[in-house]
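Okay, so here's just one chain, in C-alpha cells, the form predicted on its own.
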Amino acid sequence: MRKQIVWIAVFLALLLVPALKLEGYYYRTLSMIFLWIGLASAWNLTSGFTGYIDFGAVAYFGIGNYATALLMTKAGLPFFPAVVISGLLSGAIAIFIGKHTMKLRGAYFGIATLAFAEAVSQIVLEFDRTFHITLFEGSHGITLPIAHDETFFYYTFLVVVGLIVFVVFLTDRNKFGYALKAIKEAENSAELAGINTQRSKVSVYAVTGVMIGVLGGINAYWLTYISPLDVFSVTHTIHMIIMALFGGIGTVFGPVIGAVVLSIANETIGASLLYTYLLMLGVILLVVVIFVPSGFIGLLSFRRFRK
C-alpha cells in the first residue's frame, strides 16, 4: 500500500509542475518521458503478462499516428475525437491480428507480429503511388495544424499515461490478470483449469492496441509532422522492450522506471553520442537478460528479501 501511495503522490506532484512556469524544453522532455512510459507499460501488458513477446507493437503506434493525422487533416475532426477513433481503430485491428497470431507461440508469434508491422509500414509508404491517389502522402509524410502550447500536451500525455498505468495496476490484481499470468507460466495447464486462453490473449492484445494507438494519435498532433519511416520504425518497439526489461517485465511499475531512466539517458547521451547510446542499450539488454532477468524491480525485491 505504501508503494501505491508514493506513486499517487508523484502523479499529483506532476500535475502541479506547470505552475512552476518552466521553459518549453522541460515540458517537451517530460512529455517525451510520459510517452515512453505509456508505450512500455502498454507493451508490457500483453508481452509481460502473457509471455508473448510482441515485435510488432510499433504497427499500432503508426496506425494511431496516421489515423489521427488523416481524421484531422482530411475529415476535419477535432483532436480528441480523432484520437479516440484512432485508438478504437488500432484496437479493432489488434483483435483481427491477434485472433490469428495468438495461435502461434514463441519465436513464431514474434516473427508474425514483426512481419505485420513491416507490412503496414510498406502499405502506408506505397499506397498513394500504387493506387494513384493522395491519402497517406507516401514518404513526404503529413503535416498537422499547430494549435496548442506545450502544457496542453504535457497534461494530455500525463493523464493518458496515468490511466494506462492504472489499467495495468488493476489488471495485475484481478481475475483477468491472474489468467494472463497463468498463460505465461503454463498455457496448457491454464486451459485445463478452464481458462479460455485464446480469448484472454486476444482481449489483452486489443487493449494494448488501443493504448498504443491513442499514444500514437497524441504523438502525431504533438510533433505536427509524421512520416512512415519515423512512426513505423522498429526502433520504437526495441525501445519498448528494453525499457520494460530494464525496469522489470511483467510488473506494474517496472516499465515506468525503465522508461524514465532510459528516456533521460537518451536525452542526455543519445543526442550528442548516438552510437555510444546504442552501444549502451545493447550492453543493458545483455546484462539484464543474463544477470537480472527480473529487472530493476526484481533486483530491489531480492535485496529486500536478503535483508
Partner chain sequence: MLRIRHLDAYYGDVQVLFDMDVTVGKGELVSIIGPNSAGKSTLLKSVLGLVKAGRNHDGGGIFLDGLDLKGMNTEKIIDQGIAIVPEGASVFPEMSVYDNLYLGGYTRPEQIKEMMKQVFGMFPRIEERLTQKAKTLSGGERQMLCIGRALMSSPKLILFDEPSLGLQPSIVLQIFQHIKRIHETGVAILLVEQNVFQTLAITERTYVLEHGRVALEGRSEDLIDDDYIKKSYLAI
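Numbering follows the first chain given and starts at 1. Please read all numbers here as calculations on a predicted model, not as lab measurements.
The following text describes the form predicted in complex with its partner chain, which does not appear among the structures shown.
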Open item on the list: Looking at heavy atoms inside 4.5 Å, which stretch does its partner chain contact in the predicted complex, given the options 104-112, 171-179, 73-81, 205-213?
Closed with: 171-179
Task: 4.5 Å heavy atom contact, residue 126 and its partner chain in the predicted complex - done: no
Open item on the list: Since only the chain is shown here, I'm wondering whether residue 186 would be in contact with its partner chain in the predicted complex (any heavy atom pair within 4.5 Å).
Closed with: yes
Open item on the list: With a cut-off of 4.5 Å between heavy atoms, is residue 190 one of the residues that contacts its partner chain in the predicted complex?
Closed with: yes
Open item on the list: Although the partner isn't part of this model, could you tell me whether residue 143 comes within 4.5 Å of its partner chain in the predicted complex, counting any heavy atom of the residue?
Closed with: no
Open item on the list: Looking at 122, 130, 224, 196 here, can you tell me which has any non-hydrogen atom within 4.5 angstroms of its partner chain in the predicted complex?
Closed with: 196
